[in-house]
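One chain follows as structure tokens, the form predicted alone.
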């Protein structure tokens, strides 16, 4: 029996990126649907779960994607709520690469740092990737400073993360100037820049002024990058005593995790790959499960 992946994309056109990764992950049949939302997805889910007997449903799976992470989260919940009893298939949510990117970033940090008790700062922490990075770091026991241009939004994000994990610590902070960003990064061991494309938090030469910083990760590949000292291709590059990773530098792990998660959907009919599950897979991919 062939494996079938149903791609539910919330955008008007289904992502070609997600389609290519699905094919490279070994999916035999890919059904791509665009413009999917909670109001029109139920029939598609029913089509996925009622066409094969429960013992064969491990051969069907659903991928939720699109550029809007909030829409993806809403769609993911509705898909899961449509399942009942044994009538379900495995499902993965990775809208805009939010989960696989965050998982790959934290894995990169973990390969160099003891994250339990690590002092970390996440710049652009209220965005979908930034929030997930902060969540995963907190789950690892880190002392996380979540930074946004609005302290109120930062506190809202921290509250949402606290509802998901009781480990680590989360502190909100607001900043809008480079001097403020520098002050918040001072004394921290890890900085992750997860801002929107074109937003630069720290200009060139800033890392020289952060002697306590051990690892710097920038997840923006579009110039100007969030941390100007970090190149998009950097992968474990040392600069001024700091290990640097750029967006493409963590991209190799991100792609491996994405493909393995897709393949893992067909191991049973009840797997769910969201933030925590994708991070657990990323740790396996990186060989860090015992650290």
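Positions refer to the first chain, counted from 1. Everything numeric here is computed off the predicted structure, so don't read it as measured data.
What follows is about the form predicted in complex with another copy of the chain, which we do not show.
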At the 4.5 Å heavy atom threshold, is residue 36 in contact with another copy of the chain in the predicted bound form? yes
I'd like to check something about residue 281: if you look in the predicted bound form, is any of its heavy atoms closer than or equal to 4.5 Å to a heavy atom of another copy of the chain? no
Is there a heavy atom of residue 255 no more than 4.5 Å from a heavy atom of another copy of the chain in the predicted bound form? yes
Please tell me whether any heavy atom belonging to residue 54 falls inside 4.5 Å of a heavy atom of another copy of the chain, as the geometry stands in the predicted bound form. no
Interface segment, criterion being heavy atoms within 4.5 Å of another copy of the chain in the predicted bound form, picked from 260-268, 224-232, 237-245, 40-48: 40-48
Considering only 20-34, what residues come within 4.5 Å of another copy of the chain in the predicted bound form, judged by heavy atoms? 20, 21, 23, 24, 27, 28, 29, 30, 31, 32, 33, 34
